[in-house]
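Have a look below at one chain only, the form predicted on its own, in structure tokens format.
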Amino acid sequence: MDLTNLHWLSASDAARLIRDGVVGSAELVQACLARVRETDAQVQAWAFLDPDHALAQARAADELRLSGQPVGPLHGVPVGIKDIIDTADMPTENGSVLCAGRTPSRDASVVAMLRAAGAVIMGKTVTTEFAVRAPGKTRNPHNPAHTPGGSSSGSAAAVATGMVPVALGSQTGGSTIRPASFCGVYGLKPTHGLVPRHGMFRLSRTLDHVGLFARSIEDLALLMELVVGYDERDPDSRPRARVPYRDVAAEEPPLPPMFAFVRTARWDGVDADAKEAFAELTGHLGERVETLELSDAAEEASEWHRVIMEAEMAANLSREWETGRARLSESLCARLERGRDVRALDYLRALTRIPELHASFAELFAQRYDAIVTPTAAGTAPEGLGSTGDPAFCTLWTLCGMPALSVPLMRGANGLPLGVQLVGPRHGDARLLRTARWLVTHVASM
């Protein structure tokens, strides 16, 4: 193992090396901070980063290990936290001037879980304004003239450039899957309700998810073991048996997985090089993939997603609207205005359609398929920084609360990353990681 570039270590390898005394947490964090100094002037992934505080946490982690006390599974490993997730020792400003200087008094549930596992909270990564669509300052790490995606732009870019091995984000539309694809890393949106959201800015209770970023499937599985859990303060959290995500993800499937390739009604808008890349991928899979057309109800889901999201956004940002709308972006104001005009009947009708979608997809997975293969976006990261790209290929899976994973398998004609989106059945997150590992291994052997 190459220890000359510690910033490229996976979280799993770093935790093992720290636990074995081969590498110190302070040494690893120093390497990551050096990487920040080298690359962040161009990428601009961080909303808040205090090197002294990061190093103080790392030195405390090293002292704890040397004392002989038990250490957690992420002991001494630096993690980036999206700036809509509360941290008691750092600002959480939600990407908005209206929250400038806001310092919470408590950690969000997921941050507390990571600290309990021994993680070093490196800093806060850039988010779009209130995790919606108005871009932040972050640039695509592969080409700064292109968007990194959003809203979890800083988390995806920080992981892609080796500033941290893993990071947390969120998704309400396509805010984890899209930046993961554009930046060339793994991004996982777990099943809705698996990861507690207490202490994360609430945009939409129905649609909000915590998102995970990493450079390996093993690291995603490790994070899942640490952040999945019951929290009574999250109304959608439920007690569940613990799942050994790492063990399941590392298993060989009992049979080669079967995939459903779903183009969706938006396929005509997919870039030509992306269509070619998916044709090559499905060609590799051969008899292990079948093209599937979605029902009319599934194709209508984007409108249900819009109604639910904009109505709940308007409710959750009502104080900001009343007291500070002049300082909100035009795009956010327009969405809040639409949300305030949503009729209660339309909102409730949209909510009632979700169980119908759950039933239809559960039947599909039970009958034949291990995962759905579909685009993450229309293509690679668009040029220009005025938009974070279109989340249209993600919204159906967000609405349904199904686990979705962006796998960095392909590249576009311009050389930028092009992710493959895999979608699994609700609460089939571990199986989805196993299927993704099979797919990556299978494609690599071609």
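Note that residue numbering begins at 1 and tracks the sequence as displayed. Keep in mind that what you see is a predicted model, and the values were worked out from it rather than measured.
There is another form of the same protein, the form predicted in complex with a further copy of the same chain; it is not shown, and what comes next is about it.
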Arg238: heavy atom within 4.5 Å of a further copy of the same chain in the model of the complex? yes
Indicate whether Lys137 is a 4.5 Å heavy atom neighbour of a further copy of the same chain in the model of the complex. no
Looking in the model of the complex, any heavy atom of Ala272 within 4.5 Å of a further copy of the same chain? no
Should Leu348 be classed as touching a further copy of the same chain in the model of the complex when contacts are defined as heavy atoms within 4.5 Å? yes
Counting only non-hydrogen atoms, which stretch in 285-293, 113-121, 368-376, 311-319 is within 4.5 Å of a further copy of the same chain in the model of the complex? 311-319
Can you pick the one in Arg233, Arg242, Arg343, Arg327 that has a heavy atom within 4.5 Å of a further copy of the same chain in the model of the complex? Arg343
